[in-house]
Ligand code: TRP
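Next comes just one chain, in structure tokens: the form predicted on its own.
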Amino acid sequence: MAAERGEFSSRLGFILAAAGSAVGLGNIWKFPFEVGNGGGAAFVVMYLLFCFLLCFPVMTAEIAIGRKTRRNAVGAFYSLNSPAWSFIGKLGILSGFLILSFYNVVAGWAFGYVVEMLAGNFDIGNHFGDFVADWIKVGSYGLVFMATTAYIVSHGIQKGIERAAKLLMPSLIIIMVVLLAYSLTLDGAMDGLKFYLVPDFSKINGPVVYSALGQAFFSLSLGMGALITYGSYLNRDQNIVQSAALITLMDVGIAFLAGLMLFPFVFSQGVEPTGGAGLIFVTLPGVFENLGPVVGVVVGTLFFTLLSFAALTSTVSLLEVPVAYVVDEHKVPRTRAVWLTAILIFVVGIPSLLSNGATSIFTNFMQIIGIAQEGATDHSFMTFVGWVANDTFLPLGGMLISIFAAYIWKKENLSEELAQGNENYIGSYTEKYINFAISYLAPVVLSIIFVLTVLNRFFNIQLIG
């Protein structure tokens, strides 16, 4: 089975691919403005704690399930004689499918901004609404992005996913370091670093803790079957615990670098750091323009190329999850499975594409179905899909995976799998903590996130804040 399905050729290839799955728009786009809204460094401290205390144990469990079974996110549960629990994998595949349908739209924006920056069109930020409403142009960018994703995945594990990860991840880090080095030379850069690095713990409250926990979980691609799938391509002599730690560290490190890079730019131009998503697509083009026509083009193009690379590493893993299921369970050749799945996802994403001003039906979708929150300005279909798949299904999936690993598959079996390639694992403090986290900490915390999110998103009931 492993030979037919393919496997990663090296530990580095697996770590870069899995880290690439985690690293995405959430690190470069969402993390900085979550920091801005969360009061700066205090949010960063909470985020780091949650990544290692909660997300790392769940990650090890997902990878272990995948490697043990050598199956996709659904087939893995059948291999463990738990067919009733295969709905976790199906939920994960549905989550990834829906997330990719709208994620590809945003990736198309990022790719489109590379073109705009190359042309020196810094005014695009002032016309962002018109840009995203032009569904033919943005759809074309998204189509190119989806085709690129499908091309990579169609070439299999070593020649496709692993090779792309080995190119994209180092390139992403190099671009970030170059932009960071330049940003530190700007006037006001130190004010940005102070905001980002010096915590004011008085700003830690319920909403900040909730946002930091959600950002940590969502940024690591947990709960959607991606790491079960990638784990199924991992050699049995690899140290899962060590690899998971490195993946977490790389994901956290890139998110942290994104903040180090971005806030000096923002503060150098006197821009408010709480600009939300608009900070990237609306505000930053003007910031780059102020750097001068030549430097602005170079820096702006590099930044949105960085954003596109980060998106691509995630879209590859999001597409691989349903493709692995179709290949494993329905015996469809990989190339055919990839392109059919990619086309279907692109089609499902058309309402999200149209929901940014192209038509009032999808733009006002949540008002039409009667769940729009009071005072909300974004009622689109794209936002709704994000609420369902990203905000709701992922914590539910993570909670269920933890329960399954601890109580159905049993902690003893998990430990036995994690001991493969890690002879000192059994009886270690690491084993004790991972067992504690997946047995008690993760199920309780993730169930709380799930309930709070459902109440907030769909019933407009806020129990925090």
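Not measured: the values here are computed from a predicted model. Quick note: we count residues from 1 along the sequence shown, nothing fancier.
Omitted from view is the form predicted together with the ligand, to which the following refers.
**Student:** For the ligand, considered in the predicted complex: do all three of Gly24, Leu222 and Ser314 come within 4.5 Å of it, counting heavy atoms only?
**Tutor:** Yes, because Gly24, Leu222 and Ser314 each have a heavy atom that approaches the ligand to within 4.5 Å in the predicted complex.
**Student:** For the interface check, one of 81 to 89, 317 to 325, 168 to 176, 281 to 289 should have non-hydrogen atoms within 4.5 Å of the ligand in the predicted complex; which one?
**Tutor:** Heavy atoms within 4.5 Å of the ligand in the predicted complex occur in 317 to 325.
**Student:** Taking any heavy atom pair closer than or equal to 4.5 Å as contact, tell me whether Ala226 reaches the ligand in the predicted complex.
**Tutor:** Although the ligand is absent here, Ala226 would touch it in the predicted complex, with heavy atoms inside 4.5 Å.
**Student:** With the partner left out here, check for me: in the predicted complex, does some heavy atom of Tyr210 sit within 4.5 Å of the ligand?
**Tutor:** Because no heavy atom of Tyr210 falls inside 4.5 Å of the ligand in the predicted complex, the answer is no.
**Student:** Quick one: does Tyr103 come within 4.5 Å of the ligand in the predicted complex, counting heavy atoms only?
**Tutor:** Because a heavy atom of Tyr103 falls inside 4.5 Å of the ligand in the predicted complex, the answer is yes.
**Student:** Applying a 4.5 Å heavy atom distance criterion, does Phe195 contact the ligand in the predicted complex?
**Tutor:** Taking the distances in the predicted complex, the answer for Phe195 is no, it never comes within 4.5 Å of the ligand.
**Student:** Heavy atom within 4.5 Å of the ligand in the predicted complex: which of Phe97, Phe393, Phe267, Phe218?
**Tutor:** Flagged contact: Phe218.
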